[in-house]
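Only one chain comes next, encoded as structure tokens, the form predicted alone.
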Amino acid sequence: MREAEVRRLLAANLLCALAIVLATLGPAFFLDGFSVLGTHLTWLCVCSVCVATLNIILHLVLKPNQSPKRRSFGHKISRFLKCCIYFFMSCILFHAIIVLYGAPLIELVTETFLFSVLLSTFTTLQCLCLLGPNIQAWIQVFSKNGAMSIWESSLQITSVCSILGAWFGAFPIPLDWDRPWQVWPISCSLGATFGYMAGLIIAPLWIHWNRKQLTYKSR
């Protein structure tokens, strides 16, 4: 395993973490009264857009999983449209799962959907950037020993950390503390964000420490 590739992964992950920090602090200079708690829906939109944009740019620049085959312009357009459809379907699926786990069905629909968009940005968008709209490749990557590169290992770690963070973030909601951050879905979205950022940092460190044991086979 090349050390340069691990450093590229670390740099890309740190940029993604920086994007979240900028999405949290930057808009306050342009939007009056902007805050994570006070204008949480706005923050969800800004954070999702910033992370999604940076992930796409990093994928285009670094090309971690570029296919050696040349693709036609029509194929690229078709792939792009499929990715958009898959991302939207992921948002709907996350929304349905969140509702099944106890989120309001009719009330706070906007809040729940934007939270599902954030989760899709942390998980599905990365899959689309790295693997494309290929469900079989997704299943293989998230199966045991299914990662074929350090980028796919990082995808596994960040996705799992994001979902676990959102799940742990739901624990304080039913408690009678009456804190502002207990309002739906603030604690869950913050939990997912902290989980995603933790995964971004843990992934390259874990890969570096276990580089001698990691052996990737090509598909």
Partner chain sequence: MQRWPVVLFLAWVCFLFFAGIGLFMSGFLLTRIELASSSSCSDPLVPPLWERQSLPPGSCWAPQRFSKAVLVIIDALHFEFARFDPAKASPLPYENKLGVLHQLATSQPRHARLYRFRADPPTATMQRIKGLTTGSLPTFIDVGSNFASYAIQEDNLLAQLVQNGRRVVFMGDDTWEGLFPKKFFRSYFFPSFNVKDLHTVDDGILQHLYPTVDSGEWDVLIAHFLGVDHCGHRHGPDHPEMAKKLTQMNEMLRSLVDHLGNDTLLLVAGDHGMTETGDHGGDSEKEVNAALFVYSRTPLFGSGPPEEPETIPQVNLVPTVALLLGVPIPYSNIGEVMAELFAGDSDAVSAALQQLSVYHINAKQVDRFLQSYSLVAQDLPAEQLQHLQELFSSAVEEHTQLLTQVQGTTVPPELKPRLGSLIGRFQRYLREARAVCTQSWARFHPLRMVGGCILIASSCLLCYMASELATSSRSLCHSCLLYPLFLGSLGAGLLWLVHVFTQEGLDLLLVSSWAAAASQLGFFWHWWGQHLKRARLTGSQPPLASGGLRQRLQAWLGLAFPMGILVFRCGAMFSDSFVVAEARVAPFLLASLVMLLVGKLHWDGHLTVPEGPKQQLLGVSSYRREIWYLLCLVAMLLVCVRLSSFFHQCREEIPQCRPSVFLSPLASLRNTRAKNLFYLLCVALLAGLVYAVQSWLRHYGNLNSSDPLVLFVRWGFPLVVLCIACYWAVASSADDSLGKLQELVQVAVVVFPRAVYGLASMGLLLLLCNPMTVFAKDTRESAGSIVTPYLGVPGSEVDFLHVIPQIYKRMQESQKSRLERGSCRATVAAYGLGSVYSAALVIALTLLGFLLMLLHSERLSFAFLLLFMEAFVLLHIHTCARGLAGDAELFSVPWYAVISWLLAASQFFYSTGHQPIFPAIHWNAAFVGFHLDHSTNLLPAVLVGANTFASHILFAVGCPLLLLWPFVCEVSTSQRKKPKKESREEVEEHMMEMRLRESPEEFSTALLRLGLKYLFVLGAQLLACVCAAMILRRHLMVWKVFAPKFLFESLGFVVSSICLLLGISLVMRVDCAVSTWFSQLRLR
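Being a predicted model, the structure only gives us computed values, none of them experimental. Numbering follows the first chain given and starts at 1.
Below, we refer to the form predicted in complex with its partner chain, which is not included among the displayed structures.
Looking at its partner chain in the model of the complex, residues S35, C45 and Y86 place no heavy atom within 4.5 Å of it. Contact annotation: S72 falls outside 4.5 Å of its partner chain in the model of the complex, judged by heavy atom distances.
Although the partner is absent here, Q156 lies within 4.5 Å of its partner chain in the model of the complex, judged by heavy atoms.
Among heavy atoms of F113, none comes within 4.5 Å of its partner chain in the model of the complex. Contact annotation for I97: at least one heavy atom lies within 4.5 Å of its partner chain in the model of the complex. Looking at 161-169, 47-55, 23-31, 189-197, the stretch with residues near its partner chain in the model of the complex, meaning non-hydrogen atoms within 4.5 angstroms, turns out to be 161-169. Scanning 93-113 for heavy atoms within 4.5 Å of its partner chain in the model of the complex gives I97, V99, L100, Y101, G102, A103, P104, L105 in sequence order.
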